[in-house]
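Structure 1 and structure 2 below are the same protein chain in two forms, each given by itself as structure tokens.
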Structure 1
Amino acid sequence: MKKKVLYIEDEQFLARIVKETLELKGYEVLHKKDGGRLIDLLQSFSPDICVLDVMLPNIDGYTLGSTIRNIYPQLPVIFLTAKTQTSDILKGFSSGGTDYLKKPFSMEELMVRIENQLKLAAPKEDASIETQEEVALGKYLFSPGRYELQIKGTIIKLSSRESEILSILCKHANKTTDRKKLLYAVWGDDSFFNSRNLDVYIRKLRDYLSQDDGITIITLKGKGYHFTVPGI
């Protein structure tokens, strides 16, 4: 079965090249000039991955990414943009992006990134904490398979990356998780961009877990993280 790509890009010349190349590589591509009716598109097309330009008319790519992340937390999102500032990259990751590609880019690099994101998003076959229904974390209940944290009746929806990182931290609870090994486990490499992406996710996990003072994620500079959880 063909993998489906929802591609939102308002530059028509670039969009035609990307769409035709992806289709030649065996993907089914739905291209739109803007993000209008995004929720309807997600439901009717059911994409396996979204590729979003950041600078779009009406609704920018970051807003679209946040919408996708809230509804489909496990769906990979690649941002395409000419913006190169670190703050822009961090904003992309905090807006639901799982990868970030600067314009101009080669089709070969885009293909590699799409394939990598689909591989990372694929269900894992081995039995591990990621497939468990529930894990008790202090006052929280973590449901890796549903990408959820629960506390006092409130459900916090996690992205697939957040859930995967928290699962790895849980495996090494009250021990040190090596930063480089964590990067390779989640992204397959320890590049600068993935490293900054990890920083964003760690900050967000700390925020999610802040209602239990006994739970801490301590950064050990040059080493990794110490995930402290009472009673685990």
Structure 2
Amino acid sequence: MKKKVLYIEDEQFLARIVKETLELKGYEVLHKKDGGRLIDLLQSFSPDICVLDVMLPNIDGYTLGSTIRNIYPQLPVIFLTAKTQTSDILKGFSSGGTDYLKKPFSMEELMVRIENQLKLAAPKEDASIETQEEVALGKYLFSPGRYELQIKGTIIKLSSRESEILSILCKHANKTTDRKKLLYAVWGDDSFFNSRNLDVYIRKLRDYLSQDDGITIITLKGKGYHFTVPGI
């Protein structure tokens, strides 16, 4: 998926070069000469990053930056400007900028700073499965955050318990998940009833996951489950 850059710049000549260079690098670029109807633009275009000139007709770049930061707390914003006074730079960062590049700059520097900002804004890797975006399970796509299991475009809605248990199994994909630990993780105890209860959920999950026979939840009696998933 192409990353989208919203680029606001009034100098036509520079704008053209930047836009073309970005497009050559594989970005989708929306260039505007001023910040009019910014909020609409953000919503319809939904950029991954904004590159703003500071000296603009009508509304200046800093104001636009603040607006963006206000509405999209996480969206990277790079300011471009000939203003080189320290106070301008400070203003840039306090207006929600995540980087500040002084004109004149080389195209390469802009490119690498854009890449860098996108990398920094990307979801942090070290997060546990709770915050994890999506996991590929064979032909399925599991989105713990959305409580969904997707296969060939059809979406299976999971309940919170189902999703919770599947998440735990995923954490031990192709290894064994201890039954007792699973029970404790989900219910906080390993009573007889919850043990039956777990059986019920395992059956449901097996059922949901039956469309890919590379995926199996193997029972290891007295131990737990071995969740086999191809290609993890």
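FYI, numbering is relative to structure 1, first residue = 1. None of the values given here were measured: they were computed from a predicted structure. We call the rigid core the largest set of C-alpha positions that still match within 1.5 Å between the two forms.
Of the two forms shown, structure 2 is the one predicted in complex with the DNA, while structure 1 is not. Fitting the two forms on the rigid core leaves the C-alpha of R206 displaced by at least 2 angstroms between structure 1 and structure 2. Superposition on the rigid core between structure 1 and structure 2 places the CA atom of D189 2 Å or more away from its counterpart. Fitting the two forms on the rigid core leaves the C-alpha of Y7 displaced by under 2 angstroms between structure 1 and structure 2.
Once the rigid core is matched between structure 1 and structure 2, the CA atom of R179 is found 44.6 Å away.
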